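One chain comes next, on its own, written out as structure tokens in the form predicted alone.
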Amino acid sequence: MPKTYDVIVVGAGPAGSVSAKYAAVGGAKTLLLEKHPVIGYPLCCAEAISKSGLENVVKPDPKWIATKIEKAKLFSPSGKEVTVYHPDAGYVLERKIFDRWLAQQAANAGAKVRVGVDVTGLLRDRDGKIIGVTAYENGQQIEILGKVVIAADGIESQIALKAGIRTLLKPGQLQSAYQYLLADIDIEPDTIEFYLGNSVAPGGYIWVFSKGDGIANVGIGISPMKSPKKKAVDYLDEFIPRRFPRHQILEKMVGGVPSHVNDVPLYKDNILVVGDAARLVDSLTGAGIANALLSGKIAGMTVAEMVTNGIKADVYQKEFFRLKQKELKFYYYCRDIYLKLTDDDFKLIFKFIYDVFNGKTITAINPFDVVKKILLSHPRLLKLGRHLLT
């Protein structure tokens, strides 16, 4: 007879491990499953997160923080540089250590953690209700019973689809990304860099996130629709020798970055979807760690209440969207504008940013206010983004 759990969490990334932790803390008998033999690997992430995005859920620990971000440099297509000082901007993480630490926290809270378990399907009773999962472990098919399932299986999530939640992305909603971990480079340890423009990264940008000691994540995301003949790695390989004449490559990473999809539900019956699997991503930057942590926390607390007090799964969706829906929609529409920008438009934007921010120290920034002022700064930009101002 298969073993029965209150909650089965599929995927031990940040969203999954935090879900499992809070489910266990709430008294639910919880199982956390990871298909790979090692949690935190393979990795496809730029590893940066805002201070508030991290600290809203997790207390920072030096063991998994590579650097604290205190300065950002932005470069226009023409090479114009804008430097902004922000002493509390955020962190660059060591995700491999961070992910394992989060799974350890789930285990310490009472969750059972199993690696090398590839969940392939959902178990249903005669009435069609989901009662667990099917998986492969050590080459054998197994069945695990559970009252509630949390899909935390990332961008390629199959569990949500098998539950009937449509998370499929349209071509314009997926960026192609490539990243190197570079060593032996000349870079300031507390600085992140962004390079914008269609000649550099069509529909996206290049990032340089310092991890200290002459090491940095250097990556790119592009819109394949804006560059049908040239791959992301081709742009990156052109950029790196210009920016870092001396460098060594320690790692290569390739993957896709989803955008937020406004009409994807976060639950169906006794299935909850979190993190990238639920498309809870900042559509403009591709950032997803903070939303993964927050969605995991709320989902974990919700499922504990579901199995102990009989509340409904919609509590999770209502609470998450109460906190984040406005922001997610805002960045979704910003991305729509971003994809239409020409390099001449970027020059207009950089003129505004340079005049307002260059060399300044800021302690907080209101993205809604900044974008509004950028759009109002020139008739061309106002035409592109007028629907954001209504």
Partner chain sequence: MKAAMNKNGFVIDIDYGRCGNCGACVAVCPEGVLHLGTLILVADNNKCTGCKRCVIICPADALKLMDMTGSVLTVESVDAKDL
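A quick note: this is a predicted structure, and the numbers were derived from the prediction, not measured. Numbering follows the first chain given and starts at 1.
Not on display, but discussed next: the form predicted together with the partner chain.
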Looking at the partner-bound form in the model of the complex, is L168 within 4.5 Å of the partner chain by any heavy atom?
-> yes
4.5 Å heavy atom contact, G79 to the partner chain in the model of the complex | no
The partner chain contact at T120 in the model of the complex, heavy atom, 4.5 Å | yes
Does R279 make contact with the partner chain in the model of the complex, using a 4.5 Å heavy atom cut-off?
-> yes
Listed range touching the partner chain, judged in the model of the complex by heavy atoms within 4.5 Å, from 295-303, 217-225, 282-290, 242-250 = 217-225
If you check in the model of the complex, do V25, G110 and K312 all have a non-hydrogen atom within 4.5 Å of the partner chain?
-> no
In the model of the complex, the residue from R124, K268, K231, R114 with a non-hydrogen atom within 4.5 Å of the partner chain is K231
Contact with the partner chain in the model of the complex, heavy atom within 4.5 Å, among D237, D190, D88, E156 goes to E156
Taking the partner chain in the model of the complex, which residues of 43-68 have any heavy atom within 4.5 Å of it?
-> C44
